[in-house]
Each structure stands twice: as structure tokens, then as C-alpha cells.
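The data below hold one chain only, encoded as C-alpha cells and taken in the form predicted on its own.
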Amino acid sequence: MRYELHYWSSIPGRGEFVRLALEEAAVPYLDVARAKGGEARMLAALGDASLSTPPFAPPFLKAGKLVIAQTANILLFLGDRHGLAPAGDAGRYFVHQLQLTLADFVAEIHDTHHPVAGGLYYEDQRPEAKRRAADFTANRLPKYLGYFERVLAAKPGKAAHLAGARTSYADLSLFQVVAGLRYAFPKALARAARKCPGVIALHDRVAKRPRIAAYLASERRLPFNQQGIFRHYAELDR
């Protein structure tokens, strides 16, 4: 089966978490919106009244007759099918828990530059963004990274993974969050990283995985930019 991933063509965004899982699993997929006429196809699918499980917004994944939306839900599906999650219930649900926590983290990262409304330009909410980002860099960023550091530290020995004995989609997603923070908040991340060496080491290990390294070096990997979730505004990185 070749999967169809539907997500915006110009930003990594939430679709990148799914791409990383598909690349690590080495399964064929079509990045629909990046093909000719693809965004029109994606938008048509969003408005398709015949779908029994209609998505609210991208990303969503077509797998045969299945249409699966929401990043964590897609990854739960891929993790079960392609060995990107532990086989037992406890580990499987723990990885899903970690992914949902990362989803909360990503939402807070986004809201540093759009704290009032997603439909307003950043320039329309700069004072609020500065206040929100100040709290995020001082309190929320280290709190989230500290949680993942504790998860790694709780495992025996030098933990290579967040859960189980193999790389899971949660490891891949934490890699993406750290990479995004290095772009958006380099100063704040550097401060927080001093207390989270395990998280940084996990990021570096994921980046060196053969399939991930090949993907990162390819044209398929979209760069971070000022339209996505992770945006760099120097005035917010204090």
C-alpha cells in the first residue's frame, strides 16, 4: 500500500511529524500537496461530504479506504503497523501519551507568535506575543523538556529511547521539536539544554539514523520558515 499524506506544501508544520515516521519506516507515500494540483486535491478531500470519517484539517492520511486525521492519531496508526511503537499495551499507550504531550508543547510554541488569534498577523499582536514568549522561554519550555529528560532518566542505564527498546514515533517527534526550537528559540533552548542533556543526545541520535539522515539531506525535507509553527523572531528569544 502506498499512503497519501495530505498537508500544506510550503511548511513543515504538523505534517513533518508524520513524514519523519514514514521515512523511518521506509514505506512508500505520496506527499499529495507537493505534486502538481495537489493542494487542490487536498482541499477537495477536506470538503468531501461522502467521507465517513471526514478530517477537520490537514494533516490527514489516506491508507486504502481509511482516512485518518490528527497528527497523534496518524502516528498511533503508523506506529502499530510499522514497528514504531512497543507491541505491549502499556508501552503502546505510553508512546501515545508522549505524543499527545508533544502536541500540547507544539501548540504552546505556536501560540508564542500568535497568542491572540491565528487569523491575525504577528505584527497585529506583537505586545501580546512578547509577553507570551517571555513566559514560554522562562517557564514552559524548560518544564516540557524537563519532563522528557525525566522520562529518559527513569530508564535503566543510558536510555536511548523514550519508551521500549527501539526508536518510536515519539522519539522522532521529540527530535523535530528540538530541531524546531533550535530555529525558533536558539538562545532559550541553549539555556534549557544545560539541564536536559539526555533530550539533546536523543535528538542527535535520531538525526544520525540512516533513513532520517538521508531524508534530512534530501529535497523532501522542507526548511523551517516564517509561515510555520516554529518561527524565529529575535525579539521573542530572550
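A residue's number is simply how far along the shown sequence it sits, counting from 1. Remember, it's a predicted structure, so these values are computed and weren't measured experimentally.
We do not show the form predicted together with a further copy of the same chain, though everything after this point is about it.
Asker: Would you kindly say which of L51, A213, A35, A190 lies with a heavy atom within 4.5 Å of a further copy of the same chain in the predicted complex?
Answerer: Flagged contact: L51.
Asker: Pick from A179, V206, M42, I68: which residue has any heavy atom within 4.5 angstroms of a further copy of the same chain in the predicted complex?
Answerer: Contact check passes for I68.
Asker: Which of 170-178, 23-31, 196-204, 53-61 has heavy atoms within 4.5 Å of a further copy of the same chain in the predicted complex?
Answerer: It is the stretch 53-61.
Asker: Is P86 close enough to a further copy of the same chain in the predicted complex to count, meaning some heavy atom within 4.5 Å?
Answerer: The answer is no: P86 has no heavy atom within 4.5 Å of a further copy of the same chain.
Asker: Can you tell me if L120 lies within 4.5 angstroms of a further copy of the same chain in the predicted complex, counting non-hydrogen atoms only?
Answerer: Yes, L120 sits close enough to a further copy of the same chain in the predicted complex that at least one of its heavy atoms falls within 4.5 Å.
Asker: So, in the predicted complex, is H113 in contact with a further copy of the same chain at a 4.5 angstroms heavy atom limit?
Answerer: Output for H113 is no: heavy atoms all beyond 4.5 Å of a further copy of the same chain.
Asker: Just to confirm, V106 within 4.5 Å of a further copy of the same chain in the predicted complex by heavy atoms?
Answerer: Contact with a further copy of the same chain, no.
Asker: Considering only 81-117, what residues come within 4.5 Å of a further copy of the same chain in the predicted complex, judged by heavy atoms?
Answerer: Residues within 4.5 Å: R81, D89, A90, R92, Y93, F94, H96, Q97, L100, T101, D104, D111, H114, P115, V116, A117.
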